[in-house]
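Presented as structure tokens, the chain that follows is alone, the form predicted on its own.
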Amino acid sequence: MSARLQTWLWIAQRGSAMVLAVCVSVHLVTMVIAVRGGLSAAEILARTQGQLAWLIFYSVFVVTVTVHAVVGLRAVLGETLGWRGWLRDLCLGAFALLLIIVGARAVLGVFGAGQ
């Protein structure tokens, strides 16, 4: 692997970690406040439906999780199992696609697109 690609993967991993730190914090604080305020899961979902800000926030969350997970898993597979090459990257691409699809479905559920 080229040094340039390694550098970009390193930047993607660290950058996604920073964005995830913010996303996870916002998500957890929001959930704690909502639950302590006496809201049920159904009431929370009812409040998120149609809210563009939550759609954007959770879409960023899903994309960031996907980038972070795939880059990290790529490194783990290469370092611990010695799995390198195009087949590993193809499998990771399929995994990334799966994460995006499942995450997008969850985001659309929170947004209420299926209603």
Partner chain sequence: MSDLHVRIWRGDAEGGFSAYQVPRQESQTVLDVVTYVQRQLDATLAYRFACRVGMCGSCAMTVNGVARWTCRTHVSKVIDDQGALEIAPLNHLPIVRDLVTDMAPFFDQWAAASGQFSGAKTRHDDFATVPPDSPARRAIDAAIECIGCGVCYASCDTVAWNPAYLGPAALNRVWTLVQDARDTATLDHLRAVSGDAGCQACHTHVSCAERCPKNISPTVGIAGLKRALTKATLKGQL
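Note that the structure is a prediction, hence the values are computed from the model and not measured. Residue numbers count along the first chain shown, from 1.
Not on display, but discussed next: the form predicted together with the partner chain.
Participant: Select, from the options 48-56, 61-69, 80-88, 34-42, the stretch whose residues sit within 4.5 angstroms of the partner chain in the predicted complex by heavy atom distance.
Facilitator: In short, 80-88.
Participant: I11 near the partner chain in the predicted complex, any heavy atom under 4.5 Å?
Facilitator: Yes, contact at 4.5 Å.
Participant: Across 1-38, which residues bring a heavy atom to within 4.5 Å of the partner chain in the predicted complex?
Facilitator: A3, R4, Q6, T7, W8, W10, I11 sit within 4.5 Å of the partner.
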